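Given as structure tokens, the chain that follows is alone and in the form predicted on its own.
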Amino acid sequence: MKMSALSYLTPSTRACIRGTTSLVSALAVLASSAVAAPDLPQDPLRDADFLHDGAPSEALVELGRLLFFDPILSGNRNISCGTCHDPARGSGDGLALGIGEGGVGIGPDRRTRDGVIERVPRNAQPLWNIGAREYVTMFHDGRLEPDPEGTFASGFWSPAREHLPKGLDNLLAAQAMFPVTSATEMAGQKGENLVGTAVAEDRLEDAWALLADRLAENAEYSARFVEAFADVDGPGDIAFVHAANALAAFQTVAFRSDDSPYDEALEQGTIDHLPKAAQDGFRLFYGVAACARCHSGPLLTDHGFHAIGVPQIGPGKGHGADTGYWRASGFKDRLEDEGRYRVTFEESDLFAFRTPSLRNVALTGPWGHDGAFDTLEGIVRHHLNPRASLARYTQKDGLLPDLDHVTEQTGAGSQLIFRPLNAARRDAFDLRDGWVQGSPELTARIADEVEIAPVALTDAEVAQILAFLDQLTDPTARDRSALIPDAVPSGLPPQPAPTHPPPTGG
């Protein structure tokens, strides 16, 4: 009997069958187990499942599209939302950890042009179906979420707390307020521009106001805001909240993705049209492999937070109490990333990160909250035995792009100084990329919190799960670069560049 025929059975039943000596006895075990393939687990996605019922106004969407690809929203006018969320690269950047402010180039070719103080510490999250109403948190650690108690006027719990303004239409709009206030991602450093300085001085309202003023001073943007918003009668009415609402509307439409073979299965109520290997993978996914314990629902996520022992690469978020890197390098940094714990401070949330949606998962690598795995098979196999995977993990060469120009942040009195990193200290700086994974004590902390029990699957069964995951790919999601406008109102080059030349002529 072939192993694939047993894929949906419990481990004990499978073991019992494998121990039989005849087909008759194997069939007897099968009959006694009374286990059937699972039914399709959810209904198809519908317009009502999305913000604006899937149909925000054209004026709002077009405004959001221009803003998404316009570097005008970055402090130094050199990076856009689309730089790290490229519609031709699975709505990410193809990097484990990206290079934000100070970089040049797109995707795996991105390098530092100006000095950067660090890598972006977490992987750029895919945006597929990010406008679905079922999202209840944003970011890998869920640090942005609704505030049902009305603690803050904005209606949201967030790192900005009381400084987040009112008027945000939804959670996705609230999320759009934050990348522009990250020095590493879009704002830049103190002294480089007014926005970066405001962020460095913890004046978030001023940073948002400065960006809104840029938009109000642009005649085309001003006219588009008037067209898109009933409460905007002229440039003086434009606030960054309006830009955030437009960005959310655009993302809801642009990154909706519900035309995969799996969606067809949901519509038809059967998986019979899927390839045989994918059908077997479906049974594993919703059966003994237990993937659906976390990857459930129409977006294949429970929106929960789980500690699964993904190895940490890169600089982390500066959590934890370990000062080993500080002592070894002289850089005053802590490197652990404790995930959801740093939001809730519940011990059960240590090293827990949000369950990602698996829609278009074959397109969204590298995988893991820090992009530690550069193949989908790698992250699938990690789930089979996270502790063992963590213990044997070795970071691949080239997984993290080179940082050709690094800036060191120092101070003299009350003055903050940025200067090129002394070449003699470069090796010490670079230790951060593998420090946590290279420390038995720190990896032991991660391993201790793993909540997934090992699952024994054969190579053939892993291949079947991968075949099923491939059926979650919407063919239209492979390249949506047509979303990129030929030009944006600021006159800056759109990022990424359009895939076709802009029109010419009078």
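Note that residue numbering begins at 1 and tracks the sequence as displayed. The shown structure was predicted, so the numbers you read here are calculated from the model rather than taken from an experiment.
Just so it is clear, the following notes concern the form predicted together with a small molecule, a form of the same protein that is not shown.
Asks: The small molecule isn't shown here, but in the predicted complex, which of 198-206, 179-187, 432-440, 158-166 has heavy atoms within 4.5 Å of it?
Replies: That would be stretch 179-187.
Asks: Is residue 59 close to the small molecule in the predicted complex, meaning a heavy atom pair under 4.5 Å apart or at it?
Replies: Close contact is absent here: in the predicted complex, residue 59 is far from the small molecule, nothing within 4.5 Å, heavy atoms only.
Asks: Using the partner position in the predicted complex, report whether residue 90 sits within 4.5 Å of the small molecule, counting heavy atoms only.
Replies: Residue-level check for residue 90: no, no contact with the small molecule.
Asks: In the predicted complex, is there a heavy atom of the small molecule that lies within 4.5 Å of any heavy atom of residue 285, even though the partner is absent here?
Replies: Contact check for residue 285: yes, within 4.5 Å of the small molecule in the predicted complex.
Asks: Since only the chain is shown here, I'm wondering whether residue 451 would be in contact with the small molecule in the predicted complex (any heavy atom pair within 4.5 Å).
Replies: Contact check for residue 451: yes, within 4.5 Å of the small molecule in the predicted complex.
Asks: Would you mind picking the one in 210, 278, 254, 138 that has a heavy atom within 4.5 Å of the small molecule in the predicted complex?
Replies: Contact with the small molecule in the predicted complex is made by 138 alone.
Asks: Considering 355, 389, 154, 407, which brings a non-hydrogen atom within 4.5 Å of the small molecule in the predicted complex?
Replies: Contact residue from the list: 355.
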